[in-house]
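First, one chain by itself: the form predicted on its own, in structure tokens.
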Amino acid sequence: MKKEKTWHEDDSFWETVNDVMFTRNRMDITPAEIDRVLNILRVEENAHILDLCCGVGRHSIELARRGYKITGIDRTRSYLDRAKQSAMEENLTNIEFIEADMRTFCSPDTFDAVINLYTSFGYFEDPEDDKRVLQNIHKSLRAGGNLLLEMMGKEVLARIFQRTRWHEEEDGTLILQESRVCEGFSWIENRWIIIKGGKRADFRVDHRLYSAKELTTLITECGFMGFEVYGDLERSPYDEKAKRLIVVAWK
């Protein structure tokens, strides 16, 4: 029997949410986000950076514009095609995009830094897959290299959780979401209903939830020498006011 694809392996999901995830506003704020990312990482000017789950390459391309050598990894071919086209239009020769699964991609001792942004970690039902991703990242970093993870932390979600919510995007697309926390607050099941131009799409978007303690424990188990935890990309404390969970770890 053929195994049913999970939501993150479903190309139709990524194609449907393309305009939702990469709005004009989100593209416009990319330079400011990269300013904050670089302030945290503090890498050398000629650093080689891996953008893991790069999507359409908005962070990868901004980093390449600034002279860094960039490798972008994603599993969605249509996103990579868009990223490659954008890089080609700007004649950026210091960037490459590779179609690969984050669970299997590994390039030992290659990168000075790895970034994984916008809750692109924790998609897999088997927690060993998350561990495998971190182990591959650790192997792929050079000695002294840094990892930056940015996601919705369990503590932040617990403070702001709503079972149902909706919003309207800039182009009039309606997004309705219904969520359920389960498995002892270690997993969240989300139903997304997307309505655009009279068409409706219905998806499940489920992923693992990590507290700062759980994530840093896992990172340490995977060989990282140390870490710092922040509540946003401006290095605010991870406390009751935190907006996101940011972990910076080093090899």
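Sequential numbering from 1, following the sequence displayed. No experiment lies behind these values; they were computed from the predicted model shown.
Although not depicted, the form predicted together with a small molecule is the subject of the following passage.
Of the stretches 141-149, 70-78, 176-184, 154-162, only 70-78 has residues with a heavy atom within 4.5 Å of the small molecule in the predicted bound form. When contacts are judged by a 4.5 Å heavy atom cut-off, residue 59 counts as touching the small molecule in the predicted bound form. The closest non-hydrogen atom of residue 230 lies beyond 4.5 Å of the small molecule in the predicted bound form.
Looking at residue 119, you'd find a heavy atom of it within 4.5 angstroms of the small molecule in the predicted bound form.
The closest non-hydrogen atom of residue 97 lies beyond 4.5 Å of the small molecule in the predicted bound form.
Proximity to the small molecule in the predicted bound form, taken as a non-hydrogen atom within 4.5 angstroms, holds for one residue of 34, 53, 47, 194, which is 53. Judged against the small molecule in the predicted bound form with a 4.5 angstroms heavy atom cut-off, the residues 8, 14 and 102 are in contact without exception.
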